[in-house]
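Presented below, as structure tokens, is a lone chain in the form predicted alone.
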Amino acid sequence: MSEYNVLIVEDSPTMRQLIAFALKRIRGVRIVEANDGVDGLKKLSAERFDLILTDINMPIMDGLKLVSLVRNDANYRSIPIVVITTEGAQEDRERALALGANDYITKPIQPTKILEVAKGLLRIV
């Protein structure tokens, strides 16, 4: 059975828990949590991930900066990134996608939506 490593970067423990709960429906998924962009980068440098889900509004380093840094690093460039945020404005969505995010989900989150997007990006049928 193949294993998928997923990194959740979110400053709210409750939101991390909700996202992890949705992702645990995928067989073989392993979840690593980070509480901000800097923590996320540290975890990214320590192991390989198949998918990153990140919030935008976080202390220390926000999600858009994280997306930008990941996309500008040849080692991580191919990892799919999903932005999950309360920022519902079209310009926020366009900015995240322009920086290299693969998808954009607005809160309140729907577990089925997270599952659908994650499965699509992990190419799980």
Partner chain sequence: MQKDDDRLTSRGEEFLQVFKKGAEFTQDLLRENERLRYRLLELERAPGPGGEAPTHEVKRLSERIANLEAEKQEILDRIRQVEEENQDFAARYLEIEDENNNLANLYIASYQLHSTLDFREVLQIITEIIINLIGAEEFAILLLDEKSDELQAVATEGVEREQIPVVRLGKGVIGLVAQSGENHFVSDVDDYQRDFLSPMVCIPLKIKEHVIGVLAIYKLLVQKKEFAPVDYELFTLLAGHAATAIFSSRLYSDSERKLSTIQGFIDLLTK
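Numbering follows the first chain given and starts at 1. Just so you know, these numbers come straight off a predicted model, no measurement behind them.
The same protein has a further form, the form predicted together with the partner chain, not shown here; the description that follows concerns it.
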Practice problem: Would you please decide whether Lys24 lies within 4.5 angstroms of the partner chain in the model of the complex, comparing each non-hydrogen atom pair? | Solution: no
Quiz item: Does the 4.5 Å heavy atom contact test between Asn102 and the partner chain in the model of the complex come out positive?
Solution: no
Self-check item: Val117: touches the partner chain in the model of the complex, heavy atom cutoff 4.5 angstroms
Solution: no
Quiz item: Looking in the model of the complex, any heavy atom of Thr86 within 4.5 Å of the partner chain?
Solution: yes
Quiz item: So which bits of 7-46 sit within 4.5 Å of the partner chain in the model of the complex, heavy atoms only?
Solution: Ser12, Pro13, Thr14, Met15, Gln17, Leu18, Phe21, Arg25
